[in-house]
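Considered here are two forms of the same protein chain, supplied as structure tokens in two stand-alone entries, structure 1 and structure 2.
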Structure 1
Amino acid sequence: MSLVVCGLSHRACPLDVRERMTFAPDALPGALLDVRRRLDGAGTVILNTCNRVEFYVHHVAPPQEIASEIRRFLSASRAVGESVFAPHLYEREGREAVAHLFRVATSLDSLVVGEGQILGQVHDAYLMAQERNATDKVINALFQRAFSLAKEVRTRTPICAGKVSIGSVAVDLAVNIFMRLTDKTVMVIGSGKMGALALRSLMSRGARNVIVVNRSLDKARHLAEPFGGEAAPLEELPQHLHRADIAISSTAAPDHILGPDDFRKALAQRGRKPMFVIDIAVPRNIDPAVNDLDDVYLYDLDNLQEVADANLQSRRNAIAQANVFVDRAVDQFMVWMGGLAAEPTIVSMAQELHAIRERELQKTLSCLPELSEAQRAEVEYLTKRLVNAILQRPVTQLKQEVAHPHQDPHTVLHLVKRLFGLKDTP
């Protein structure tokens, strides 16, 4: 059995490619079912966020076959040639796949290390797969361990201390541009979680005036009211854009909703006062050409990565502590996985030794007819204890050897079968 992760993320894939490969939320259930159909019902979870799209698969096929099928699926479902995204696609198997999920869930692989949103996204992805019966025993155990590890890391290390969100990174940039935020107007376009987090971060640093623009006016009001802000429907966005000193866009629109002409008009109405614009949507909401305009400071997720890297340098100690927990959890999970791989062989070993025990026991008891039933039962119990005691150390060692990162489990199991004269079970 193979445990594989294939994916594209901000670590290795540019934004202009990622936005072509991401799935709309309502398309994910169909994508999940399509992947499972292609892989004959393999245990599968798809993690799709603004920074990554990843496929976690447990299947009988070799890792290379699984990765090839996922590449074909991505190409067909996104209508993008493999040559566009394949150079950025990472493929990890076994221990490396386990370590990758654990690093993702604990936010060690996030754009901003320590941010809390990724854990909820991982949980939502797992829950969607589980509700559609797309998981199996190994996938269930893997994700459940990832959730408990993330909790452990967040409570036992300082990984969450300080500025740990894209919103907080955006605040630093805004302060660098405007020096102070108390007289600035913040516009949030869309009512997603990331936009709301960025808004809260900006308000915590002194911004006072809020406008929320959204396709649903009710949702816009719901987000604006706690900050004493106003709400407007998305179709009125061009009428209000000039009022925004700081704009945060995070809608699920498939195409750009604002372009250079929109900002030229807004700047003219503002008397060329600068605008700070954060586009945290994937696909991007704002045409990158807007960045060519004077007095508009446009940042997308790739731009924020550069700022987040500076944050990373100040968190080295917390990251080192978190990595200790991750490494230990990976070791434990691989031992458990090794136990699964070795299970049929262990069962065969036990059956073989107990069959020998039973034959020899009957020979001995036939020579001792004077024994009472209680005495015969005691002798039988003694032989069972001896066999189980003999098995204990080899079984423990076998699980560890099969789980060892530098061991070929098939070679180890084949040797054990030869030593014990067992049938070569799959």
Structure 2
Amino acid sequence: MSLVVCGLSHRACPLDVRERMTFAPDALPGALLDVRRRLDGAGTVILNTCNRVEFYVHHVAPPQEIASEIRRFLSASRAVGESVFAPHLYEREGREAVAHLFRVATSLDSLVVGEGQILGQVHDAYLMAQERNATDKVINALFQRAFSLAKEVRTRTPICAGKVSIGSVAVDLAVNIFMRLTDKTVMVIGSGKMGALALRSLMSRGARNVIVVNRSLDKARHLAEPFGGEAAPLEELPQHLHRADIAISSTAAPDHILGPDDFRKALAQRGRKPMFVIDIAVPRNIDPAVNDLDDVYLYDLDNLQEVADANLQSRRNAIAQANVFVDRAVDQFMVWMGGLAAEPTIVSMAQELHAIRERELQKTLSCLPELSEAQRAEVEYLTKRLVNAILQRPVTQLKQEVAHPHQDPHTVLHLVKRLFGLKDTP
């Protein structure tokens, strides 16, 4: 039996190829059934996200055969010649395939290490396959282990520590300044895209009141309306500044539009309540000297980026820790897989030894007719215990040997069969 992963991801495949190979969400169930039909009902999961399209298959066919069938399927279903995507397609089998899924689920293979979205996407992909009876025993165990591993890595390593996007860093900082965002007023100065993104991040964390100040009042209204906010012209900025708990500035003004004096007045008007000011304009809209004022916390684009980079670096530092968990989980899973492969041989070995035990037991008992029923039962129990104790170590060792990456499982199993004189098992 082969466990294979075959796919395209952001690591090796350019975006223009990836966007031609991804499936629309409503086309996925059909694709899954098609792949299974081509592979005679093999256990299959398709992971389809904006960064990857991957096929996890467990099947009796050799890995090369499975991979070439998936290539043919991709070419036919996406109407793209194999030569377009084949150079970027990776094919992994056995231990490598298991390690790949575990790295994907723990987000070690993600564009942003530690991001949480991928685990949900893997989960959805698995659920879709399971609902259509497209999974088998190995695929089920593989994905269940991937989910538990991902949770373990998230809780026991700092892989998800700190935010890595500008918007979420801004929200984190706001939470360090304000008790809650629900009663805070967010002022957006300018109607730039970055400002709108930062505003959305803050609104998603509970901010309710919005004021958009812009040179063009129409654009200000356009940005404020979806949030039920109010719009004001740029000339009125000093009059509204004191109302802002959080101010996001992203105008295209060539000079500073707000300086320390504006904030001094605003602070006095608002009873010295703290202000969080995010200046994401280039060139900067707000005089950096504003940060020297008590109770005003000014962050520009570089400051936010530095925080995001530092968080990303600390996540990268956690990769080594996470890899330890992944390696251990891969070893455990391979032992379990090895156990599956060795199972018929183990059963046969146990049957053989118990047959010998039974034979020898009968011989012994026939020589001891004076034994009572209870004593006979005790002797029988002893022989069973002996055989089981003798079997325990070889069974464990056999599972590990079969799972060992540098060991040919067929050779190991063949040797055991010869040692114990076992017949070939299917």
Partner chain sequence: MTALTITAFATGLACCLAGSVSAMAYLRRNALGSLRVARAMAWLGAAALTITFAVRWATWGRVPLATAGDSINVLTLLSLTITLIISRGPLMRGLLAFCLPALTLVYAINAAVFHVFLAQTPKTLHGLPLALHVGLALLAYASFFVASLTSMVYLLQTAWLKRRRVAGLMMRLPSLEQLDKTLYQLIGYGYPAFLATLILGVAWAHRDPELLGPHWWLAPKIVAAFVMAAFYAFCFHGRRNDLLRGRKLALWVFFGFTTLLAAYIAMSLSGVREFHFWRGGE
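Just so we're on the same page, residue numbers count up from 1 along structure 1's sequence. The shown structure was predicted, so the numbers you read here are calculated from the model rather than taken from an experiment. We call the rigid core the largest set of C-alpha positions that still match within 1.5 Å between the two forms.
Visitor: So which is the form predicted together with its partner chain here, 1 or 2?
Guide: Structure 2 is the one predicted together with its partner chain.
Visitor: Core superposed first: is there a CA shift of 2 Å or greater at residue 286 between the two structures?
Guide: Shift at residue 286: 2 Å or more after core fit.
Visitor: Would the C-alpha of residue 225 be classed as shifted by 2 Å or more between the two structures after rigid-core alignment?
Guide: It does shift by 2 Å or more.
Visitor: Indicate whether residue 73 shows a C-alpha shift of 2 Å or more between the two structures, with the rigid core used for the fit.
Guide: No, its C-alpha moves less than 2 Å.
Visitor: State the core-superposed CA shift for residue 199 between the two structures, in Å to one decimal.
Guide: C-alpha displacement of residue 199 between the two structures: 7.2 Å.
Visitor: Superposing on the core, what C-alpha displacement does residue 176 show between the two structures, in angstrom?
Guide: After core superposition, the C-alpha of residue 176 moves 23.2 Å between the two structures.
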